Structures are given as structure tokens and as C-alpha cells.
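Only one chain is given next, in C-alpha cells, and it is the form predicted alone.
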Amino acid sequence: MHEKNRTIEIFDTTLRDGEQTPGISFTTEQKRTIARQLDALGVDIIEAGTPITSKEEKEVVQLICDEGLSAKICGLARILTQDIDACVDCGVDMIHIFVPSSEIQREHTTKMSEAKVKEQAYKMTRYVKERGFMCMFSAMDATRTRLEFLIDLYKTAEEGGADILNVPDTVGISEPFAMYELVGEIYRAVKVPISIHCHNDFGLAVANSLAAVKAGASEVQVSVNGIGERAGNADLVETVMSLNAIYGLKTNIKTERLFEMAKLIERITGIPIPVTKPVVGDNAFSHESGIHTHGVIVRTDTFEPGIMTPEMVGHRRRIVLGKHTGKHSVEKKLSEIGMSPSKEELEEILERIKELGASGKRVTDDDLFSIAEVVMGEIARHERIVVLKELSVMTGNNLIPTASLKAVVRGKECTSAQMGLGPVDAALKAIQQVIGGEIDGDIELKDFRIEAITGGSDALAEVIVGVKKGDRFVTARGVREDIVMASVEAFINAVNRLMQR
């Protein structure tokens, strides 16, 4: 059943199941932004929400339907006419109806017999089709449902006119071998396409989804960054790249937009992407170990999958400095700014970098360049393109944070005043504005990390930033008692190093 020429549909439930993540609640505008970005990504179906939930939910689903997106818009409904009518009122393309099918859920939630479940499933599937809509039918808690009844239920929904049958691992208790067998049984029993919806309670959501595809499923339900109930859903990025790169199957996803999609959800939800997260984490294509960095400098697929590159997903490769760093990575980074240390100088620079990394500090590019200048006696070569003269920030509970600054850029005095979401945001926007007016090409802030070095309210704040211009990327740090000043200092240090030739 694992045919190479198949195209797997991607059904995204970030706006529905993803919003059920404890502590997450999207605003109307955030939902519209996410829907537009999912559409640009190439998602086939967007589950926009459950319209019956509230007046506000119904309105936002309708707004998404009115966006004119290429993706089909789906609304979720129980097997109740009022739920289905709410989806109809929104103008969705597809109505996703569901009913609990496992014994534990029937006995303790719906109080419905197997016969009653079948009767309602058929009746409501017909109701959706008679209203002229595509119908997806889900047997909720399918992986804990008696197999004979489950297959009979799916056949009943198929007879009622269901366009696609969804198999949910509602509490995430399946494993890939069991999932393959279950979906295989259903695939052989019905003629309509099969969709899979997996939860991640044991960290197997993506693996279970892939097993279902291998058994014949032609659609996978996912969420961005795997957000959702409890431990979340199958992650969109990991699922898509596994289907594409490992299975060799097609999807309509524009994979080069995956990284920006993940970062959008990180920013809106406030849930940080772990640095070790596959594909989109900061460390996904980062290398520190000497043998690893030497390998990827010579040929990238020595210590990367090869079938997946950072360019494929809109990410970037990074050589990271630390106590495991080798001389090849140090030599490469220095050569990028025209520094060519002798063999003895390179050994000394490497030793100092290792000492800094062993002390527990994150080593930035700026640290490397400063150490190299000291060792090579080239302190004078570092021309400061940007010099901060004055900075003031106003903020408060009834004030929009505003920063005004004066800086010298390439010898020219410049001023700027900018508002932001907070004092740091306002200050960085102000410095970006003055730099942008004097330096050709956009300088982008790509990374921003902050942590307290010492304890107490007067703790030293260490800020590490990464900035990019064209294909060059540089990291730098700032350390101050004032978080705003530490942030501006780090940004200016990075810009000065970035512009160094």
C-alpha cells in the first residue's frame, strides 16, 4: 500500500485542536493570520473551529471562510443537527462530524448503545450530505473501540455518504505496529479514503501517523508545532518532512515555508520551540563537535540526513562554538571576515574558545572575533560601524512603550523614535531604523535570547542575539543590569561584526 506516487493530503487542526492546548486562546485576528499562513504553506484542509461552541467562534469560522483561501475550510460538529447547522451557516467546505465509539466513552459520556451510535452516525451523515456539504466522519476513540463494531460503524457512515473516514487515536495509546494493523483492517473494509488523527501522549503521534499512511491512509491530521490537547497532536513539520524525505510521498506543502510557519505559532502562542526539536529547532542543523563540523564543512551529508537540508525547510545551517569546537570551524568562521591566523595562533584561539565554553558560557561569533584579534594583535582592525550615543525609553501601564535614541552610523549622527510591544522591542526597532537608513540591505534580527546571570531584582542580564544580512549570520552578546541596554548592546555588537570585512 506504500506507493511512491501517492499524494497525501494535509489536514491542519491548529485552529481547532491546537487551540484546545491548555492556556492557549487565539484572538480573531490571530486566527485569520494563522489561516492565511497555513493556506500559503499549501495545507489542503484547515479545520477552523467548532462553530456551535459560541457566537464568537461561529463568527471567526465564518470570517475565515470569507477569506477566499485555496484550502478547504472545515468545521467540527457533534452528531447533532444544531451543530451541523452552525457549520452550514458559516459556509464551510467540509463538515467533520464525530461520535464517541469506545465502550468507556459511550458508557460514561454519551450513554449510547452501539446500535444507537450506528443509527445516529448514518442519520447525521445523510443530513450533512443532504445539505450539500462534504462530510468527514470520525469514530472518536477509535483505537480503544471493539474492532468488529468499529468497522461496522465506518461501513455505516460510508453507506450514509461520508466522503472520508477519520481514525482518531484520541488518547494517544496506540503504537505504530498496532496502528498499521488497525488502519489496514479498515482500509480493506471500506472504499472511501481514510484520514488519521493521532495524539502524542507517548510521543508516538508522528510515528503512528506514518504507520497509518503506510497501511493505506491518504490524509494526515496535524497541528503546527504539535500543539493540542494534553501532549498535543502529530506535528505538521515532522510529519510532512518524514512523508516527503523518508517515504518519498508527495504533499502540496511548500516545505521552504515550514520554518516560518513554526516560528509564527511560537510567537503567537508563547510556547517556545525546543532547541532540539526536529527540523525547526535551533539545533536541527547546528554543529559544534570538531569531527561533525569538519565533516559538514567538507560535505554536508556526512553528519546531516542529506535527504533533508536546511534550505528545504527555510532553516539555516550553523557552526556553533563551544568546548567541543574543532579548529576547522574556527578557521572557517575567521576566514569569513578575512582573518587568517597562523597554525600557532589558531591553536591559541581554539584553546581560549574551549576554556570559555567549558565555563558554561554560550560562545558567540563576537567572542571568537575578539579573542582572535587579541591573539593576532589586530585590535585596531575592528572598525565600529555603529556607536550608540544616547538611549531613553518610556513605558508604563498606560503608556505605549517608546524608545528614542541617538547613534553614530558610519560617522553620521542619526536619531530615531519608535514604539513597540515592550521597551526592548521599541529600542531594537529604533536602532534598526537608524541602521537601515545608512547601510545598504536589510539587517534582520533572527535570534534573541535572554537570561539572568545572577539572582535578585538587580541581576545581571545576558542577552544573545543573532543578526543576518544576505547569507551572513553573526551572533553577539550584551551584559548589563538593564535588560534594554543589554539588548541594544548585543544588537549593535552583532551589527558591527556583521559589517566587518
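Note that residue numbering begins at 1 and tracks the sequence as displayed. Because the structure is predicted, anything quoted here is derived from the model rather than measured.
Omitted here: the form predicted in complex with ligand KIV. The next part is about that form.
- Of the residues given (Ser174, Thr145, Asn166, Thr325), Asn166 alone sits with a heavy atom within 4.5 Å of ligand KIV in the predicted bound form.
- Ligand KIV is not shown here, and in the predicted bound form it never comes within 4.5 Å of any heavy atom of Val128.
- For Ala427, no non-hydrogen atom is located within 4.5 Å of ligand KIV in the predicted bound form, even though that partner is not displayed.
- Under a 4.5 angstroms non-hydrogen atom cutoff, ligand KIV in the predicted bound form lacks Arg477 among its neighbouring residues.
- Contact check for Tyr122: every heavy atom lies farther than 4.5 Å from ligand KIV in the predicted bound form.
- Using a 4.5 angstroms heavy atom cutoff to ligand KIV in the predicted bound form, none of Gln37, Phe259 and His315 count as contacting.
- In plain terms, the part of the chain that comes close to ligand KIV in the predicted bound form, with a heavy atom within 4.5 Å, is 95-103 out of 95-103, 187-195, 344-352, 402-410.
- In the predicted bound form, ligand KIV lies within 4.5 angstroms of a heavy atom of only one residue of 56-76, namely Leu76.
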